[in-house]
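Only one chain is shown below, in structure tokens, and it's the form predicted alone.
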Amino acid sequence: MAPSRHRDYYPPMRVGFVQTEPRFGEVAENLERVRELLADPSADLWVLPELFATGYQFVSREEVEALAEPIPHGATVDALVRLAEERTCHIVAGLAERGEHDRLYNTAVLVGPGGVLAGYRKIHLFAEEKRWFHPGDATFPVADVGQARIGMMICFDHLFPESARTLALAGADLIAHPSNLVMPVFAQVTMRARALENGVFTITANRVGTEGRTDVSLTYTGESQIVAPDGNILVKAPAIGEATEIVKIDVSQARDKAVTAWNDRLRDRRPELYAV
């Protein structure tokens, strides 16, 4: 007899992304734009892009130092917490962090009405990020916000299957993925795979626009998306232009890891045979 499958009931959760076009260095203006985009309708969880308040294309370490903020009590985090209080929601956002020993990190934070619930410092740095940021020094966090367990990864982490798998093994129902993607539809494809292979929801919040602050211009690909545990795209933004989208999700779908009556995405793993 095949094992039985049972799915608990969880109230629908409203989750969304904000796709923005930040102006480099204009932190207050970029924060205000997010506030405008979140005015209506409401969601339980919002995901914002990587480095959403500062912009991405730095030209010197001094520039990063001038824009980086401490966590948990920098001005940008404080503003996000106030916004979460006003909207009675949780927010995941990417920002430049000034850490201990003058180290600079590309960081994502999860905040709610009560403050910061979790922070994640990007482990897999992309391209010139290696010039400005120190790689993350801790594993991927998962925080329980009541309606769901939220994990975080940032942009280029998508290319490493271990990132999402670590979060799934830690109990994440949903992976928030703040991004500044410049490789066309690359992560948009891999994040569907990350959702499917781990049986989790994923929210990729990308940015749009072009930054040409060096001799190499960066054009961001947009197409922010929310993906279901079966790999299907629930909603996607256009490649050009700011956007917000919200969908209702059933968290129980992420807690049922069955593929067939006999197979489970996580229990069927054979980690003792994966070492190289």
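The numbering used is simple: start at 1 and walk along the sequence shown. Just so we're clear, the structure is a prediction, and the values are computed from it rather than from any experiment.
Below, we turn to the form predicted in complex with another copy of the chain, even though it does not appear here.
- Proximity to another copy of the chain in the predicted bound form, defined as a heavy atom within 4.5 Å, singles out one entry of 98, 149, 124, 87, which is 124.
- Another copy of the chain is not drawn, but in the predicted bound form it has no heavy atom within 4.5 Å of residue 177.
- For the chain shown alone, residue 159 is a contact residue for another copy of the chain in the predicted bound form, at least one non-hydrogen atom being within 4.5 angstroms.
- Although the partner is absent from this view, residue 263 contacts another copy of the chain in the predicted bound form, with a non-hydrogen atom inside 4.5 angstroms.
- Interface residue remark: residue 137 is counted as part of the site for another copy of the chain in the predicted bound form, having a heavy atom within 4.5 Å.
- Stretch-level contact check against another copy of the chain in the predicted bound form with heavy atoms at 4.5 Å: of 200-208, 110-118, 87-95, 180-188, the positive one is 180-188.
- Shown without its partner, the chain has 165, 166, 169, 183, 185, 186, 189, 190, 192, 193, 194, 196, 197 in segment 164-198 as residues with a non-hydrogen atom within 4.5 angstroms of another copy of the chain in the predicted bound form.
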